[in-house]
Structure formats: C-alpha cells, structure tokens
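Single chain ahead, written as structure tokens, the form predicted alone.
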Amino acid sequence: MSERMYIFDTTLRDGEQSPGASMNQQEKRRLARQLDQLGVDVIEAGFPASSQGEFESVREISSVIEKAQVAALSRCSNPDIDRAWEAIKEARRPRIHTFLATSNIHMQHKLNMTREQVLEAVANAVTRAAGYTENIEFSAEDASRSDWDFLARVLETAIGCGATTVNIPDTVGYTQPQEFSELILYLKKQVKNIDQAVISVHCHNDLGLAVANTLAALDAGARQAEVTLNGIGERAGNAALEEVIMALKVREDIHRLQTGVDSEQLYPACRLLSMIIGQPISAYKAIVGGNAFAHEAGIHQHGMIQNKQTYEIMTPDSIGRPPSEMVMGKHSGRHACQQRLEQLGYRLEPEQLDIVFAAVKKLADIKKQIFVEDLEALVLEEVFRIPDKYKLLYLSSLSGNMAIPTATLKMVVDGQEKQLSEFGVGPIDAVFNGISKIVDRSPELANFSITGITGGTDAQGEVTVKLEEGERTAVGRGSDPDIIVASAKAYINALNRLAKREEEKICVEL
C-alpha cells in the first residue's frame, strides 16, 4: 500500500527570488491557478511583509485558489505574522509559514542571537500565528547545518506552541542523501511530539542533489516536499517539482508514496512558467526538456520501433506533453482555438481568448501552419506579459553589406510617444541602441539567444535576452516571424521587468 504525502509548491515565493524570474500580479495569478489545477497541496503565494505589491499579489491569489492551501511566508516577528494573516485570511485554506535560522553560523553572524533567544522567538512567533489559524508551518532555516540536538529542541518547541508542519531546509544545498535521511530518522526519534506534525523538507540544488535529498528524506519519513516548477530558485535552484513527482510515480515500487498531483499537467505548468519568466527550458532538462523523449542513435530508434519501453521509462502523454502537429490554420474557428488552448492547460477569460484568436488570425496570414509552440507564444505575447511601461509601436530596420545598419523606432514611454533613428554594428545592435536612447537607460546585455519556435523558414523566432543594470538583472523574451522585431520585443520585455524590480523587496531564502 502506498502512503499519501503532500506537495508544497514555492515557485511563486522562493522561485521568484531567482534572478530574472520576477512576475507581475496577473502572471502570478495565472500560474497559481495552473498550480491549483496541477493538484499541489500547498501554494506558497509569497512574502506579504516584503512590499505592498507582494501583499496585494498574495491576497489576490488567496481569493482565486479553489483547492490548494495558500501559504504566506513570515519571519518570526509579530508585524510579519500579522501581515501574512491579513493577506491570506480570505483563502479557503490559509497557512502561515514562519521561519528562523537555527545553525550556529546563522545565529552568530546573521541573527546575533543566542540559542535561548532563538527558542523564545520561535515560541512567541508560533503562538501568535496560532491565534489566527491552526494551520501553521515552522521552518528551521539552515537546518542541515544545525546542531542536531538543538534543532530537535527548536522543533519540539514549535510543535508544542501549535505548529502542525515542521520544515527541515537544506538551505545551502550542503547535505548528502544518506546524511539527510539520517537527520530525518534522528528527529523522528528525538522530537517527543513529532507525531503531532508533518515533517517537511526544502532542498536547494547547490551540489545537484536537491531531488535526491528530497527523495531520501521522504523515504526516511518526511511527508511534505517543498519544490518549484523547473527547479527555479535562489542560486542553483530548488528541488524540481516535476522530477520529484515522476520519480515517485515511475518508482512507486521503491518509494511507495502517492500525491494528489495530476502528472499530465506537469508539462503545461513548466512551459507556462518558462514563458512567463522568459527563461527557456534546457533541452537536457529531465522530464520536460526538449530532448527528454528524443531518440537519435540508431540502436535506440530500432528498440523504440520494437517496444517503446526499451528506452522510455515514461511516456510523453504521462506528463501532458502534446504532439507538435498543426493546431490552427487560417480558417480555424474561435471554438477550435479555445479547445486547443484548454488541452494545453490554459483557461482564458472570454476577452483574453478574443485577443489570442485575433493574433492567431494575424499570424495565419504570415504562416501557413500554426503549431502548439506558436499558440503558446501568442498566449504569452498577448495575455501574460509584464505591463507596458515601455511599448513598441513601430520598427523599421535596414542592414546589409552595402548599408550602415539603421533602426527607426517609435515607442510609448510612460504614456508618451517617442521616436528616433539609430545606427549600430548590425541590425540588432542598432535596435538595442535605439531602444536604450528612447527609454534613457543603458543596461548591459549579458546574454542573447535566438531559436526557431518550430521548423520551417516561416517559423517564429524566439529571442531571450538577459540585461544587467547595477545589481539588478532581468530576463526578457519575445517572439515574432521577424527576428529583428522579436529581438526588440525581448529587449523591451526585459526593460519592463527591470522597471518592475525597482520596487524594492526584501528577499528571504529558506
């Protein structure tokens, strides 16, 4: 018999803290709904005390989520806990998630607190949270580098004051699977009231072991895994939700654990996140990468023809990966567009569907065949994009080996139309120079890449850029049949994200 465990998704909180992964309120709401459809048990919506914008996002997510619990992060301080509750109190199933570091290095160099002061702070914070809700999670930050005996005392205190979930984070990705397993077994034995709480784990991927450590902890008795889509997060990221889920599903004979996650929604959820934050999924990414189900070697292809199980331990269908056949054409109707979008996991409002359908018709005049990837790109370009502080109205580009590369642009900047012409060493350089002058910003272009969304000479180009401006970074994405226009869209998308990141936030890491 397999035992039920819980999936705690922190893509909207820990995941968004990774460079270039910021989302606007509309994008967060859309992703939260997809996570709810995916079937995760808890959605950590954000850290309400960090900014007014974050507070509003958490509160809005709390109002639209139908099935999952909605968690708000807070430090062990009364103002943080009060703010967290205010943001999630209208949720159907609210959770307050409070944390404090327990390792010697954090207590001495970051908190400047003694062990007794930490114990007192944990008791006070959890007690205050318990005055709002019975659904309380406490996290011992940097637990994997903490003294095990002191960690056990902290968890016992938290549970005694009302915590119903206790989280054991491997905050810096330091621990090893066997070591982490032994820690969970130790805590189960030493924490006297551990049977009154669910043990959770939150693993970072600094040594590439986040998923392995998560699975080891689950096998040792942890029953909640804290994960993110595509493994995004601070530094090297977190344990990837899709990898944990499919490891549990494919090897249920070993782990004997079940979740409430609908695995056929994994690929749509991961693709949606990738499109929202403008960061492409690596072709070699496990489960959802472009090559995850590709077979090029002759011996592999022969085996696949005879029996797919020779080289596939799971099927594309099992993760909701759609075939890339043509999905729309010039004469396709609105209903067909809606049906295909729903198959991809998108639930659009009527006015949003109208916008996408109009864009499909416009693209169909340029491309004869519109594929799944084209349709997803249109959803991102037309619906789920950063609000336009900067918006492209017009672009004309001149280049060639007998001409000076020139770009003529018209843009809207803070509601005002501006236009100019600019030169460059190539057409894209000219476009980027022109945009920078119009918006009066000079970020450094740290990365630029372009790929064809589909095959064919009429394929849309998908451009991804990474901009750096001081300490801030942002990744932008744009797609268009014209790669110069796609480049301009990506550059402007990144500038809009930089503008959004100017709203200072307190970034907290578990």
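Predicted model, so just to flag it, every value in this text is computed and none were measured. Numbering starts at 1 and runs along the sequence shown.
The same protein also has a form predicted in complex with 3-methyl-2-oxobutanoic acid, omitted here; what follows describes it.
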With the partner omitted here, the residue among Pro169, Gly434, Gly233, Gly278 that in the model of the complex has a heavy atom within 4.5 Å of 3-methyl-2-oxobutanoic acid is Pro169
Checking Asp374, Glu242, Asp80, Glu141 against 3-methyl-2-oxobutanoic acid in the model of the complex, the residue with a non-hydrogen atom inside 4.5 angstroms turns out to be Glu141
| query | Hey, in the model of the complex, does Asp14 get a heavy atom within 4.5 angstroms of 3-methyl-2-oxobutanoic acid? | reply | yes
Is it the case that Ala217, even though its partner is missing from this view, gets within 4.5 Å of 3-methyl-2-oxobutanoic acid in the model of the complex, heavy atoms only? no
| According to a 4.5 angstroms non-hydrogen atom cut-off, is Arg95 in contact with 3-methyl-2-oxobutanoic acid in the model of the complex? | no
Heavy atom of His204 within 4.5 Å of 3-methyl-2-oxobutanoic acid in the model of the complex:
yes
Within 4.5 Å of 3-methyl-2-oxobutanoic acid in the model of the complex by heavy atoms, the stretch out of 81 to 89, 349 to 357, 269 to 277, 95 to 103 is 95 to 103
Looking in the model of the complex, the residues of 55 to 84 with a heavy atom no more than 4.5 Å from 3-methyl-2-oxobutanoic acid, listed in order, are Leu73
